[in-house]
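Just one chain is shown here, as structure tokens, and it is the form predicted on its own.
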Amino acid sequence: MKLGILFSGGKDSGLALFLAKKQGYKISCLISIVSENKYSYMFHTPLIQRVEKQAEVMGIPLIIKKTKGEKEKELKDLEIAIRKAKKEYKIGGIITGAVESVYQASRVQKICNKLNLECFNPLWQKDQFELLDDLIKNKFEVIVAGVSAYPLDENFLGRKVDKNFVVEMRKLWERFKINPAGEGGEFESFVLNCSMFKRGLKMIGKEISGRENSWSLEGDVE
């Protein structure tokens, strides 16, 4: 079956794509929603403009749809993008990187039902520390691209998701109940390299913006 994947450029959609390919699915296209609202209920925003470079190094076609990011209304833009993927790439289903968000998973499922598409959630209810361990085990190079929860601050931006990161997140989880994989929106991520990339990417011209405990990483990749 040909599938499209809702792709943000972050660790969850990256790992979901990896697992789907490992299971033998044909990934016909990436679908990325670029939201003007950095606090979108549905969509990842840090470094979202850089998914084009990720698509390039994976050699997978990319559909980009812009949205103002208004709650619920942004789902219409998502449906338009999925309709386009179905028409142009003849997909029979959609993959998501949803882990715990019922809000996100249920709304994608509703769109898939409407369009007569299967919906696959390879990471659904996956243990958060196991998810991080799988990234490391499968040699994903992932950095933190945004933070939105105390005590995370601008110093976390650009941090690699490695064994030391997991140890630190376990301590923060135990003390502050911060979701170790950022499922509560505590942090966002960006994949710089993995086995699906023809070559690794690197950040250039890094810029940091934000205040208090809400910070994001911007810049280009090459």
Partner chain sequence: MILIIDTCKERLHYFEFVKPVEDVLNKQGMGFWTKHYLNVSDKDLIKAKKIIICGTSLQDNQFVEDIDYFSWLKNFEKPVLGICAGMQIIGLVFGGRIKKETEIGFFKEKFEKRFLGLNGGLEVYHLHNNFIDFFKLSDFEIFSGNKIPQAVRHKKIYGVLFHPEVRNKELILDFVKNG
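Numbering follows the first chain given and starts at 1. Since the structure is predicted, the reported quantities are computational estimates derived from the model, not experimental observations.
Keep in mind that the form predicted together with its partner chain is missing from the display, and what follows is about it.
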Task: in the predicted bound form, segment of 119-127, 148-156, 68-76, 135-143 with a heavy atom within 4.5 Å of its partner chain - done: 119-127
TODO: Using heavy atoms only and a 4.5 Å cut-off, decide whether all three of 167, 210 and 213 touch its partner chain in the predicted bound form.
DONE: no
Task: its partner chain contact at residue 3 in the predicted bound form, heavy atom, 4.5 Å - done: yes
- [ ] Please check if residue 20 has a heavy atom lying within 4.5 Å of any heavy atom of its partner chain in the predicted bound form.
- [x] yes
Open item on the list: in the predicted bound form, is there a heavy atom of its partner chain that lies within 4.5 Å of any heavy atom of residue 100, even though the partner is absent here?
Closed with: yes
Open item on the list: Taking its partner chain as it sits in the predicted bound form, is residue 110 in contact with it (heavy atom to heavy atom, 4.5 Å or less)?
Closed with: yes
